[in-house]
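First, one chain by itself: the form predicted alone, in structure tokens.
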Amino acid sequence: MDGKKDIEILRIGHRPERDKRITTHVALTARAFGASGIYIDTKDPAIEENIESVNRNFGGKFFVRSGIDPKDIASKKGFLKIHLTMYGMPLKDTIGKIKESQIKTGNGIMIIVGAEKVPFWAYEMSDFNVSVTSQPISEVSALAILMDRLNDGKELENLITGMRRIIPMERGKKVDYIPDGEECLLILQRNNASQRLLDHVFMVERLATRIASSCNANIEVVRAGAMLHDIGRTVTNGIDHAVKGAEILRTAKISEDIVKIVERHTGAGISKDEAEKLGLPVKDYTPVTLEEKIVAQADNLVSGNKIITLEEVVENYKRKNLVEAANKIVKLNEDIEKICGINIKEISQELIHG
């Protein structure tokens, strides 16, 4: 809907002993179809926790407030009030008027959804009493249809990002798990990461997310990849630590986006030929995605828990007679800067000096 502001839901007549499931579904539908939150007249901590858990896992900032005075909420300024009722005017005859009024006033939308018998004031206070159909219908279905019409179907393109993503498949089920910072820390602790290792990954995460925030990179993927990039060092400090780390994360069902970051973070990547010489499983370990490149370079620029310059990194590699690897790291730095239009050295200095 052009020029739309927030859409909020007011749930009236909720009975915790009878309506917990259906009111939860009203809230989930509102969240999925682009509403910013729901007010529920009767206090129900269980529903609040259920929806907050969905937010934690699947992302978004959808709010739930229960135990409120519904008449006070319905009196909020800056919102057109739409009451869903089978006794209202047909949706097909009112949707155009609703959109015109919303554009003219610049107001948000508050949708009133009843459970048991709705008080008469809801009809009187509403700008529009709307019927999706004159036939008996679930309030969940009615809300979904109304919100779809309000948003012209665009709400289905609203991809909320969180720790878990459903991967579309013709058959079967697949959930992509991207742990947040707290979850990453728990994963590291469960694998007995040392404090030294934690100090290192925290600094890599700071630098990597700062770089990611300066360009069109997925910050949540970068954060998780940076924090978990050295989890393989909980079992080995050898050249195979990245491979071991990838194995740990695959076993834990972590997103393949994160696994690839971990597997490909060594230096500026390891080619298939180099992998064979090093005794690694024979395949290409070169970072491909922007997120993979950012984490690899952030790791290159952090020694222990301190950020160092690219010049220092190159000097350290050359001192070990790893000239080709040093050149690849310089090229990786240039690639990221070109893609993002940034200066990584300036970002590093900003972090160092506060």
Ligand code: SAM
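We call the rigid core whatever largest set of C-alpha positions still superposes within 1.5 Å between the two forms. Throughout, we count residues from 1 along the sequence that is shown. None of the values given here were measured: they were computed from a predicted structure.
Just so you know, the form predicted together with this ligand exists too; it's not on screen, but the next bit is about it.
Participant: From the list Ala242, Ala268, Ile98, Leu84, which entry has a heavy atom within 4.5 Å of this ligand in the model of the complex?
Facilitator: It is Leu84 that has a heavy atom within 4.5 Å of the partner.
Participant: Scan Val132, Ile178, Leu150, Ala122 and let me know which has any heavy atom within 4.5 Å of this ligand in the model of the complex.
Facilitator: None of the others qualify; the residue that does is Val132.
Participant: Taking any heavy atom pair closer than or equal to 4.5 Å as contact, tell me whether Lys76 reaches this ligand in the model of the complex.
Facilitator: No, Lys76 sits far enough from this ligand in the model of the complex that none of its heavy atoms falls within 4.5 Å.
Participant: Is the gap between Ser138 and this ligand in the model of the complex 4.5 Å or less for some heavy atom pair?
Facilitator: Answer yes; at least one heavy atom of Ser138 falls within 4.5 Å of this ligand in the model of the complex.
Participant: With the cut-off set at 4.5 Å between non-hydrogen atoms, does Ala142 touch this ligand in the model of the complex?
Facilitator: Ala142 belongs to the contact set for this ligand.
Participant: If we define contact as a non-hydrogen atom of the residue within 4.5 angstroms of the partner, is Asp284 a contact of this ligand in the model of the complex?
Facilitator: No, no contact at 4.5 Å.
Participant: Tell me which of 209 to 217, 124 to 132, 234 to 242, 256 to 264 has residues with heavy atoms within 4.5 angstroms of this ligand in the model of the complex?
Facilitator: It is 124 to 132 that comes within 4.5 Å of the partner.
Participant: Can a Cα shift of no less than 2 Å be assigned to Thr251 between this form and the one not shown, given superposition on the rigid core?
Facilitator: For Thr251, whose C-alpha is compared between this form and the one not shown after core superposition, the shift is less than 2 Å.
Participant: Tell me, please, whether between this form and the one not shown the C-alpha of Val221 is shifted by 2 Å or more, with the rigid core used for superposition.
Facilitator: Comparing forms between this form and the one not shown, the Val221 CA shifts below 2 Å.
Participant: Once both forms sit on the same rigid core, is the C-alpha displacement of Ala193 at or above 2 Å between this form and the one not shown?
Facilitator: No; that C-alpha moves by less than 2 Å between this form and the one not shown.
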